[in-house]
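Encoded as structure tokens, the following chain is the form predicted on its own, with no partner shown.
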Amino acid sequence: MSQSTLPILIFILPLAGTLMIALGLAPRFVAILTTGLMAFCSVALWIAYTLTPGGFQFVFTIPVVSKLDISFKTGVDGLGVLMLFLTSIVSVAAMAIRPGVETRPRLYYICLLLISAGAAGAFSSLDLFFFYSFHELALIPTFLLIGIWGHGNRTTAAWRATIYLGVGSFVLLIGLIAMIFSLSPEARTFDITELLKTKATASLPPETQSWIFLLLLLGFGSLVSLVPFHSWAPHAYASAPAPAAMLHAGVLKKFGLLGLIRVAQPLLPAGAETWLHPLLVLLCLNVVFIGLATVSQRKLDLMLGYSSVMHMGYLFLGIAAWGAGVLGPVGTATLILAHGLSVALLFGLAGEIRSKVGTLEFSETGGLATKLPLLAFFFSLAAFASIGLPGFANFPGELMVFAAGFKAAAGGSDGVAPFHIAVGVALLGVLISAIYMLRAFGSLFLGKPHIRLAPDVRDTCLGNRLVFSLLTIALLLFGFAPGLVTALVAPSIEAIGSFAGTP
């Protein structure tokens, strides 16, 4: 594969698809074809990378602002390959799922393509300016999708998400600029690989690293819905059309986690150490506080929205445990893939249930398994994956994160109590997940029906069966063979840590 592979993946294909849709070609067909080609390229990229693993590959650079050393620079390591694979698989599923939309279908699919392109661009950018800018590009169509094609109080949900994400992005921008301009003039660069290789931020005093890391944590944390900056997420996902929720919760939301792994944690290790215990407190609140809020929900879409926020606590735990070795961030990377696939599957199923039944209220459903057995089957598998049962990709990810937490707790007397408590809370979260997921399945599919379905209602169509099967098979594949992921990302995370002096 050549250096032009990534520009094709993040620019040429989405742009060509967007232009074809704008010119009047069948929007859904073009969107599926475009993201299908992106998926093919991402799989080929994974295979090509594993043949000659190590470092950043397929690097493509175009200078933009020479005085500030800003360049359009793309490239991938194992972590970037994983993120592009997740982006493409969920994008195909989001484009292919039915039902589509009847109003403004061309704009609808263009917005979905722009989210996919923005995520792919951010995940493959090796320049901080474009790393940030691609993510911002993807937020605009997210707002439009919720505000125009959403459900319920969609306008309020769209504005709330926009304000929260906008403020979080602004704080993040301040933090990134502060980090760069705190360096000596000769060391200033937006090139992520150069910042790591030269250990440019190592000369910053701990006090400077501390307040800059706090800005990055608040910025990235807001985008990932870290408590207390989470309230935008549940209602935004509940109000969004299913494909938009699949793409944002499953893919774009992971931008903040990638930023912490690739930028904040390795470049500012002293700052990360300073804010370690407050981060542990916040991630515990994500698991317990949001977990209990999830249990209290009486509507499937809101329950899934709160559940997505809750599970971010596990991913933050893996990042926090980086000081004990790479097992934690490797577990987080595995969970990024697993959560992205499982939450996309759940939101896709929720959209299909809404189209068949007309409601997602638990009190108004029940007994759907008799009429919709395939939906019940796929939902049960998605619920098992979300809970973290063995056989699904979520299980090895959570296991690695818990093991890393215990390893970090054993690393010293100062860290024993906080990490033991955090891991204990995370384990409690598994029980909480089982409670709300099994209750949701029972309320929807078992017991006495509380709603009369139309006589001609049919189980999910062939196209949706293929979509749900794709996501389910991927969850099972990486559940039974997690080594595919760990072998891909572990060397990259070890390299990031060694560049910055992280154990």
Partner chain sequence: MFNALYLELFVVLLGVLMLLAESFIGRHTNRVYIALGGAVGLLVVLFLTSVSGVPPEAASWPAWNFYSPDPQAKIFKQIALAITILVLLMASDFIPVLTKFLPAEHPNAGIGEFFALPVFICAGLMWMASAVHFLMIFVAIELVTITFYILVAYQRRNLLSLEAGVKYLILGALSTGILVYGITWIYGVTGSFHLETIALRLPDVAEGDGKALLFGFGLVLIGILFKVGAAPFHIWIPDVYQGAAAPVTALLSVGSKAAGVIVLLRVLECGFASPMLRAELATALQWFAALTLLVGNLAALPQSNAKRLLAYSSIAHAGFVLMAVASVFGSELTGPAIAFYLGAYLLMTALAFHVLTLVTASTGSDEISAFNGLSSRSPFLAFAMTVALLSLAGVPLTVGFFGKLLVFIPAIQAGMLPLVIIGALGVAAGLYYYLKILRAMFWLLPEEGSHIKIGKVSIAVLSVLATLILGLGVLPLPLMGLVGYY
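Given the structure is predicted, the values throughout are model-derived calculations rather than measurements. Rigid core: the largest C-alpha set superposing within 1.5 Å between the two forms. Positions refer to the first chain, counted from 1.
As for the form predicted in complex with the partner chain, it is not shown, yet the points below apply to it.
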Select from the listed residues 85, 130, 289, 275 the one whose heavy atoms reach within 4.5 Å of the partner chain in the model of the complex.
-> 130
Considering the partner chain in the model of the complex, which of 98, 420, 104, 151 comes within 4.5 Å of it through any heavy atom?
-> 104
Going by a heavy atom distance of 4.5 Å, is residue 159 a contact of the partner chain in the model of the complex?
-> yes
Consider residue 302 of the chain shown here, and say whether it contacts the partner chain in the model of the complex, taking contact as heavy atoms within 4.5 Å.
-> no
Give a yes/no on whether residue 188 approaches the partner chain to within 4.5 Å in the model of the complex, heavy atoms considered.
-> yes
Mark residue 137 yes when one of its heavy atoms lies within 4.5 Å of a heavy atom of the partner chain in the model of the complex, and no otherwise.
-> yes
TL;DR on 58-66, 433-441, 25-33, 471-479: the one with heavy atoms within 4.5 Å of the partner chain in the model of the complex is 58-66
Though the partner is not shown here, which residues of 143-179 have a heavy atom within 4.5 Å of the partner chain in the model of the complex?
-> 143, 144, 147, 148, 154, 155, 158, 159, 162, 163, 166, 167, 170, 173, 174, 177, 178
Would you say residue 480 moves between the shown form and the other one, meaning its CA shifts by 2 Å or more once the core is fitted?
-> no
